[in-house]
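In the form predicted alone, a lone chain appears below as C-alpha cells.
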Amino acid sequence: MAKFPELAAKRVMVTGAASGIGYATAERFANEGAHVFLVDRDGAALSAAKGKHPGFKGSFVADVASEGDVKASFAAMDGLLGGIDVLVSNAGISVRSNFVDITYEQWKRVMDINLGGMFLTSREAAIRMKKQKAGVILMTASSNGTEGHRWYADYNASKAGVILLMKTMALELAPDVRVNCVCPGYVLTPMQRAEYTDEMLAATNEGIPMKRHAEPEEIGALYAFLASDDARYFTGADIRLDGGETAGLYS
C-alpha cells in the first residue's frame, strides 16, 4: 500500500539494485507507484530482479566506478523515462581485512566503488536536476563512516567520505535539489551473510540494543520517506538507522 502518493510516476534510479538494500529500496519505490530504473554490475542478478515488479521500468548493467558506465546508464534512463527525479546511490562493497593486510589494489577498488561511484552518479543526477530545478539525491553511507570499526579501514574511510560529499553537495545544490544520506548499522543483506557466520551474526546482535540486524526493507522505507514531500525540509542530513548501535556503550 502506497504511503506517499506524491512518489507516483517519479523517475527513480537505484544503484546496487539487484539485491540487498538496493533491491528492497527499488521495490519500495515501485510499490509507491514510482517508475524505477535499476542499475547493477551483476548482469545475471539484474536480469533476475528486473522482472519481479511492473514498476521496474528499465535496467542497465554498469560498474559505478566507471565514468563511462555511469554516463551510459543515465543516457539509457533519459531515453526511456525522459530524465530523473530521485537518485538512490547505493552500490558499495566491503572486504573484511586487517588494516596491515589491505592491499593498495583493494583500497583503490573500495574507494572507487563506495566513494567514486557516489560522486559519479550524483554528479550526473545533479546536472539534470539543476536544469529542472527539482530533485532528490540520496546516498547509502554507514554507521562505519561515523566512528572507527576494526577490520574495515578502507570501507570506513570511504563511507566517511560519502557523508562529507553529501553535506557539500547539499550546500551547493540547495534550494532546488535536496541531498541526504542514510547511515545504516548492521543490515541482514547477502553481503553481510557472505562475511559473517551464524555465530558471528548472533554475537553482533548481542551488542546492538535492538538485539537484531535491520531488514533491508527498513532502509528502503526510510529512503521513500526522504524522497517524499514529508521530508521536504531535510537536506544535508546523515541519518543513522542502526538500532542504537552508535548511541553509546551498551552491555
Ligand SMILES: NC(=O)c1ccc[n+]([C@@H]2O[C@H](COP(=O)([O-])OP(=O)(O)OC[C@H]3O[C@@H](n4cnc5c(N)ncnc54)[C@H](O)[C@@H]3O)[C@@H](O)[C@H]2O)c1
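Start at 1 with the first residue shown and count on from there. Please read all numbers here as calculations on a predicted model, not as lab measurements.
One more form of this protein exists, namely the form predicted in complex with the named molecule; it is left out here, but the text below deals with it.
Stretch-level contact analysis of 72 to 80, 122 to 130, 168 to 176, 136 to 144 against the named molecule in the predicted bound form, using heavy atoms and a 4.5 Å limit, identifies 136 to 144.
Interface residue among 210, 191, 48, 221, judged by heavy atoms within 4.5 Å of the named molecule in the predicted bound form: 191. Using a 4.5 angstroms heavy atom cutoff to the named molecule in the predicted bound form, all of 18, 42 and 93 count as contacting.
Under a 4.5 angstroms non-hydrogen atom cutoff, the named molecule in the predicted bound form has residue 113 among its neighbouring residues.
Proximity of residue 185 to the named molecule in the predicted bound form: non-hydrogen atoms within 4.5 Å are present. Under a 4.5 angstroms non-hydrogen atom cutoff, the named molecule in the predicted bound form has residue 155 among its neighbouring residues. Looking at residue 62, you'd find a heavy atom of it within 4.5 angstroms of the named molecule in the predicted bound form.
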